[in-house]
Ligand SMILES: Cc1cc2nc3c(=O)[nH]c(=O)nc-3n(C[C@H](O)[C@H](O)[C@H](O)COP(=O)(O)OP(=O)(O)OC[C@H]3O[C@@H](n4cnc5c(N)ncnc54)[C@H](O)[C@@H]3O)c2cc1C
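A single chain, nothing else alongside it, follows as structure tokens in the form predicted on its own.
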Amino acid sequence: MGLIRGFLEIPRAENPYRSAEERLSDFEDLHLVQPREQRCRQAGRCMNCGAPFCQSDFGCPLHNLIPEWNELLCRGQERAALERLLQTAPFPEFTGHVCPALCEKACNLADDGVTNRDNELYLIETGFANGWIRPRIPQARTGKTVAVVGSGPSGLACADLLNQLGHSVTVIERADRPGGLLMYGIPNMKLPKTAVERRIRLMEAEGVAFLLNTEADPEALAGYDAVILCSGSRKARSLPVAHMDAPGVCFAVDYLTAATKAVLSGRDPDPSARGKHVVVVGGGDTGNDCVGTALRQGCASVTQLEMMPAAPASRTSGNPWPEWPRTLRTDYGQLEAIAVQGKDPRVYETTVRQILTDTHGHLCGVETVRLDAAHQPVPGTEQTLPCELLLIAAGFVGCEEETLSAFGLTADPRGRLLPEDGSHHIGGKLFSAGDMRTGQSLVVRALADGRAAAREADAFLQRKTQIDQQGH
């Protein structure tokens, strides 16, 4: 362990937020970066446990060797620590920004866990700053070609590993920039797009090709030796109410995409929350991102509706350590709303009962209603809220029908392309990975699943090579 009494004598210190007033004026990184000395001391809190739950299934889907690189970082051996981190983590600059840090809650220090996320972000940024991160060019190519459909976290992780294994990889992306939800589903202040673009440039230098503004066409993919579908779980859950098509009603990912495009281009966003009363339906990470984005765009007010009751303040008996704590968490967007509006924007056990429109058919308000324990409306609890922008962040119900139809595939009842045997192989030369296979989940889980799919596809390609050689 780095410091024998570190976990006893050094208090936990995360990278702090910039002040709410400062960060609401821009879309720059939420956090301040702490100096090298602080990161080394924080790494010294790691106890190098005999049973490190941080790198178990409870803690890290990538099974990062956390105690090992924390000890090296504590000793000031950043380059060696980074090399150990990169053995399992393909993109620490992504998880270092957006991972909820399951590992920290699974730490033997429990709610006072080691700041692994900030530590890994420091390591990868130090690596880039010092020129330690260079293109890894495979020494030999296998002659096999692979198409990866979708450039989100699972697609990039899959393409990265397959390329390092020597296959020729082409990533097909229908958007105008690669990155999937990393580029357009997560706001710039939470994941700076410079970090995404930097990684894409590195992957290109390593031999990965990106085809943008391109729909996946099965006929065009016929010449590839393997195809991995990483198109995500993008079919948004709607609301069972009339007027969902009214101007002013928008799904969260579409809104966040438009907001990020506006930040990158310097143009005004469309739709914009400026001067509008905003209602966000959904209490998860995406809903919180909508709150933070609406505030930065200058909304008149923002309210966030959650169907579920507020989570408990501390763990319940049915949610023991080292499981992720299902407790009340106030994220950056809600903290910013409190700073601006003087109160928490969240309203629990409440949903939209009606969408109200004006004489021109435009959104002008919503009628909400309280829900009982069975999620049934409670009569007499209706309330009307002014609303010119309604953002639906109620989650996703599976992969899009267009993708399924194009490839002649059928999803399971939960909208997933998950084979019965639990593998990634869905038939012929087709594989699935990420949210498309598992359902909506975390970036870190998508990275792990993309790498797992890459290993399966590599084994498939090796067998194909053996068959081809036998045929000759």
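Start at 1 and count along the sequence shown; that's the residue number. All values derive from a computational prediction rather than experimental measurement.
Missing here is the form predicted together with this ligand; even so, the following discussion is about that form.
The stretch that touches this ligand in the model of the complex, counting heavy atoms within 4.5 Å, is 431-439, out of 32-40, 45-53, 431-439, 412-420. When contacts are defined as a non-hydrogen atom within 4.5 Å, none of G2, R12 and E71 contacts this ligand in the model of the complex. Comment: this ligand is not present in this chain, but in the model of the complex one of P271, P192, G283, G185 has a heavy atom within 4.5 Å of it, namely G185. When this ligand is considered in the model of the complex, only one residue from T368, N163, T260, S231 comes within 4.5 Å through any heavy atom, namely S231. In the model of the complex, P247 stays away from this ligand, with no heavy atom inside 4.5 Å.
A residue is said to contact a partner when one of its heavy atoms sits within 4.5 Å of a partner heavy atom; E400 meets this definition for this ligand in the model of the complex. In the model of the complex, this ligand sits within 4.5 Å of a heavy atom belonging to P100. Of the heavy atoms in F251, none are within 4.5 Å of this ligand in the model of the complex. Shown without its partner, the chain has V149, G150, S151, G152, P153, S154, G155 in segment 137-160 as residues with a non-hydrogen atom within 4.5 angstroms of this ligand in the model of the complex.
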